[in-house]
Each structure stands twice: as structure tokens, then as C-alpha cells.
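The chain below stands alone and is given as C-alpha cells, in the form predicted alone.
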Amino acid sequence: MLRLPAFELARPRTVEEAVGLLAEHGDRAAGLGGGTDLVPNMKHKLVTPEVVVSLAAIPELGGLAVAEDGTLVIGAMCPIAKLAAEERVGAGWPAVAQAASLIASPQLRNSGTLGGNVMLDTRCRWLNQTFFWRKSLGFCLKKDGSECHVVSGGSRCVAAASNDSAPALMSVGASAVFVGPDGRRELALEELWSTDGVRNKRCEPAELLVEVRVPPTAAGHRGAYGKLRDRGSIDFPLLGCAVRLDLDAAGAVLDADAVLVALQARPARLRGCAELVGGTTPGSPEFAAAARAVAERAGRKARPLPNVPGDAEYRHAMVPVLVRRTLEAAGAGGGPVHPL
């Protein structure tokens, strides 16, 4: 039986109080949202905070609203299930709603929060195991050891970002709002990530994610999120792909974006997508040819490592397949993506 280590539970009622607790206890504290990631990690002794700061009693963190200027404002404690089911999100930001609907399982989406998924720690097949299992290997570069089991002789952790919401939010230009001891700051979500698998977020331990802001989309916006996984539920992505298409009044692609996840420590933007599909009309032979070209480029650029479960060569072979089918799904209006 995996047991939780001893800890003190704090229940602040304001953001300021929560930030104060995080600042006071530093690395000995951890914030608790839905607990679907933190609690298993504590049982595996990947993190052993002495103070767990629950955010459940801070009502302002649970909001989900569309502001007067059309900005989607998602509180860090907004349940993933609520985000996935909100009709306004599905209509205005379809890739975000679709990604949220594919996270974990219905039970976990009811408990898990958008902030928790955005701030999800990097994962690795050699790391996310029991303490006994990791100890038998001599631990690893990310936790308790000095050796990377993925890249022999590697000096930098390559544990993978595995949060489905990240590429979808990046594709639509979302920003993250933090509150810390020095006040409030907002940064583009793509600027949050680093390539260091040990700590892939550019924020301080005492900073608290309070909301994610997503700008309004134009009338011609289309989006989709495709997820490769072994099972139809629960699993983290073996590969994830978010696509944004913005069409002009005539129905041709005016702008486009594609973002991949589960390849490295940060979500990866696929460069050149807009140039290849720009000017084509979804459903046309030209769009199909452009989608294949984008997919082929993705297959050349993306090199999955054996850092998450699943054969790396299979995942590499599936990169162009998932990218092409996600582009096609976005062009068709955001229907489901069938990667297999």
C-alpha cells in the first residue's frame, strides 16, 4: 500500500494568504488544487512537502467567464470538466474545450483543475514510479540521482511536458496570471515553459497561478486537439497536437498554428504551419496537400525520446499522422480526431 507522508494542511481563504504561506515555507510547501497529480506524487515520494496549501476555500480561483471584451478568463481552480462542458468555450475556443475533454477520465476531470493541468510537472517513465522501483535503479537525474536513464550521459533532464491543455491554450495565444510576494504579473503562456525537465516553469515557488486569459477569436476561427494514447481514457498523451485555423471571409486560411506536446520538457510549436496552409481552403485538394506537407515537416522535426511509455519509434511514426488528421479535423470544423 502506498501511504502519504506526514504533512500539515493549510486552508487559506484568500490569494494573499496562500501566497504568504508559500513564501513562508518555501520549498517545504506545495499548493493543492484538485490533488489528482500532487497526491500520487507524494505517495511515490517524488515530492514530500511539509505544508500542503489547499486552494479549495478561495472562491475567486474557481471562476469561468467571458469578459466584456470577449476574453475567456479561466480561474486556476476551475474544474476541467466544467471547462470542457461550457458551450461558450466550445464555440469560441474549440481546441481548448476538446483538449479539456480528453484529459484523464470523467472522475479525474471532475476533481482536477485547469491550473493543475497547466502547472503539471514533467513526467518520465523512469520517474513516475514507486520509491522502491526508483531506488532499485539508483534514482534518476530529476529526483534523488545523477543519471539520466533516457539519454546516456545526459546532463539535462528530458522528462516530458504531458499537459493536454498547454498546446491548445498556446495555439490561441493564452496568457497566465500569477500572484506572488512582489505582486501580480501576466506572461504569454508560451513564455512560461523552459527546456529543463527538472523545473520547466519560469515562475518562483511562492508565485501562485490565479487565472489563464484567452483572447477572443475571430469569426473564422477553427480549432482541434488530437491525442495519441493507448486507451481511450485516463492515459497521459503519448503525443498531443493542437491546431488553430483562422479563415477569411472567403473561407481561405488567413493564419494557422500547430503545437505539439509530450515530446520534450516544453510544448513545441511547429514552425511554418501558417506558410504552408495559408491561402488554401479547408476541404480542397490544395488544403489536403498543404496538410500533408505540414505533417511531413513535423515528422522530420519531431524526435520522440523514450521518456514516456510507448515505443519511441511508433510515436515518431505517428507524429505526421496525428498532425495531418488534427489539421483535417480543424478544417472540418473541429470534429473528433481519430489518430489510429
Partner chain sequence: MRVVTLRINGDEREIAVRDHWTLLEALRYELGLTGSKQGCDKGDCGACTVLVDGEPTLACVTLAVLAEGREITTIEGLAPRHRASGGEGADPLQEAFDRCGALQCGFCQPGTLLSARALLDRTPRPDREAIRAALAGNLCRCTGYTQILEAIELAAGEAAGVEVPTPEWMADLRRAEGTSRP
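What you see is a predicted model, and the numbers here were worked out from it, not measured in a lab. Numbering follows the first chain given and starts at 1.
The protein also exists as the form predicted together with its partner chain; that form is not presented, and the subsequent description refers to it.
- At a distance threshold of 4.5 angstroms between non-hydrogen atoms, residue 338 is out of contact with its partner chain in the predicted complex.
- The closest heavy atom approach of residue 5 to its partner chain in the predicted complex falls within 4.5 Å.
- Although the partner is absent here, residue 34 sits close enough that one of its heavy atoms falls within 4.5 Å of its partner chain in the predicted complex.
- Its partner chain in the predicted complex comes within 4.5 Å of no heavy atom belonging to residue 194.
- Only one segment in the set 38-46, 23-31, 298-306, 284-292 has residues whose heavy atoms sit within 4.5 Å of its partner chain in the predicted complex; it is 38-46.
- The single contact residue among 73, 198, 91, 108, judged by any heavy atom lying within 4.5 Å of its partner chain in the predicted complex, is 108.
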